[in-house]
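To begin, one chain is listed below as structure tokens, in the form predicted alone.
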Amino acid sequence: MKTSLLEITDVIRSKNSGPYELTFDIMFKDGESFEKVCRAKIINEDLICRLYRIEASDIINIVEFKPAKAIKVTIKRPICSGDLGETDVYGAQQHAPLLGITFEL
């Protein structure tokens, strides 16, 4: 049975992590869902590279933080915050590709 990331999370958001990085926070509704996603390595380098069309070297880290039932992903910004051609100064709209993630647990 397919599960949507939206069904098992309370928060999926993005934000600046300084002018050169973006951070994505995925916060789960319960510990069981968090543990299942972590064990299955659903949120991984290949997925992030595919969703954001980046190289693995552009991923700074993927951290599973059990006390918060959260996964934090930090990547290099493709364009520095506020630079010419950049369209999301605060990085608050970059989480959209994560919203469509579905998987089997």
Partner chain sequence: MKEEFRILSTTAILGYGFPLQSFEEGMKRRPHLIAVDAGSTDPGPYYLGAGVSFTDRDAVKRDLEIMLKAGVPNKIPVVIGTAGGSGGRPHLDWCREIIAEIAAENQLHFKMALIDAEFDKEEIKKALTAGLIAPLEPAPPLTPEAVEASSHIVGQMGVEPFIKALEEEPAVILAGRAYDPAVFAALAIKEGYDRGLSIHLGKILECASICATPGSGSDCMFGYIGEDYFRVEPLNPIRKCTTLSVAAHTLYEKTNPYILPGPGGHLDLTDCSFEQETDNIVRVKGSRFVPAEQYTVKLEGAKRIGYRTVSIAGTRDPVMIAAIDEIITGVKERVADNFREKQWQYHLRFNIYGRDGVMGSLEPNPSTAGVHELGIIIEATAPTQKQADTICSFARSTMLHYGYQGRRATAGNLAFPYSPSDFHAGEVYVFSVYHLLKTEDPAACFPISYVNL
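Positions refer to the first chain, counted from 1. This one's a predicted model, so the numbers in the text were calculated from it and none came from an experiment.
Keep in mind that the form predicted together with the partner chain is missing from the display, and what follows is about it.
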(message) How about A40 - does it come within 4.5 Å of the partner chain in the predicted complex, if we only consider non-hydrogen atoms?
(response) no
(message) So, E64 and the partner chain: in the predicted complex, are they within 4.5 Å at any heavy atom pair?
(response) yes
(request) Indicate whether T9 is a 4.5 Å heavy atom neighbour of the partner chain in the predicted complex. (result) no
(message) Residue-level contact is defined here as any heavy atom of the residue lying within 4.5 Å of the partner chain in the predicted complex; does K76 satisfy this criterion?
(response) yes
(request) Report yes if all three of K15, P19 and Y90 come within 4.5 Å of the partner chain in the predicted complex by some heavy atom, otherwise no. (result) yes
(message) Where, within 80-105, is there a heavy atom within 4.5 Å of the partner chain in the predicted complex? Residue list please.
(response) C80, S81, G82, D83, L84, G85, E86, T87, D88, V89, Y90, Q93, Q94, P97
